[in-house]
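Below sits a lone chain in structure tokens, taken as the form predicted on its own.
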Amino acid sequence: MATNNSVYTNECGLPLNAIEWLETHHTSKAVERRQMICDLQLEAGSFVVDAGCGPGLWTPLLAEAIGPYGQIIGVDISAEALVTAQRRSYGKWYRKQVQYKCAALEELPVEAGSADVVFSANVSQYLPEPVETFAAMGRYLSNGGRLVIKDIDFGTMRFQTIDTGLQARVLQAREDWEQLRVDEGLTFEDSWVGSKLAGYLRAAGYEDVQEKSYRIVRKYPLPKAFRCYLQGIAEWFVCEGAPLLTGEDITNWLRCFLDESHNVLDQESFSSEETEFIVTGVWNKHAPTTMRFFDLHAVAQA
């Protein structure tokens, strides 16, 4: 999802939810993302809402899965992203089956009980109350319809050839900072959300909740898009001043990814790995509507 008023910019000026960044990130993981959609086994002719669609990067994958008689409505709160999505679809084979609309996730611009699938990728990390949002999205699903949530979990990220102690300190500092940054007037973010999603869907009242993980591994030599992705993520880990890290750790961390002569990305032994999660849940409109609000730590462990 792209946002109008929350662009997360790191030291070097890379906006990590700006359209250019989203496109680079998507391209860098194209193989895995195509497999994610294939594994969902969407039915031909389905009505799918792409909630938090951003610049429409998932649209062609969803359209392929549901075929020419299916329908997609892409929803986002960013007018800029929606304009980009519209332009991206011009002249494409799927253009006539797609519409883009500006709305919030909790107020989808579709008839209640009409969607076969509500799909949402890389959005839940920005939701301060994910259980409430997922429950609100359920009312737009048909009885037996599925909510599909895809997101990251940077607790799974590892870099070969980088000192393990430095990695641990940087990732832990970012995770701890995300618990504090709202109190500093910054927007909510939880980049460790992927492994918590199943618990959130259950708490929101979904049934038959299923989780599938995708391990993403890249080795030297890196494709250009993935190299750009890793450098951007490395900068992002120490953005906003990285107040919980020492200056030495910040310098050493950035040197690993940005140093021209000793860049770890140029080492033949380099590899990176991370895991992304797709969680699905079935909506039962006849189930009790009272949501179960658990302590979020308990939900995360469910």
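Each residue number is its position in the shown sequence, starting from 1. Quick caveat, the model's predicted, so the values are computed rather than measured.
Just so you know, the form predicted together with a small molecule exists too; it's not on screen, but the next bit is about it.
This chain is displayed alone, yet in the predicted complex one of L141, L197, A204, A121 has a heavy atom within 4.5 Å of the small molecule; that residue is A121. Think of it this way: in the predicted complex, the small molecule has a heavy atom of just one of L180, A103, L186, V217 within 4.5 Å, and the residue is A103. Not displayed here, the small molecule is approached by Y126 to within 4.5 Å at the level of heavy atoms in the predicted complex. Proximity of I278 to the small molecule in the predicted complex falls outside the 4.5 Å heavy atom cutoff. Taking the partner from the other structure, the small molecule in the predicted complex has a heavy atom within 4.5 Å of a heavy atom of W58. Although the partner is absent here, A173 lies well away from the small molecule in the predicted complex, with no heavy atom inside 4.5 Å. Every member of the trio L22, C53 and I77 reaches the small molecule in the predicted complex with some non-hydrogen atom inside 4.5 Å. Partner contact region in the predicted complex: 104 to 112, out of 159 to 167, 89 to 97, 224 to 232, 104 to 112, criterion any non-hydrogen atom within 4.5 Å of the small molecule.
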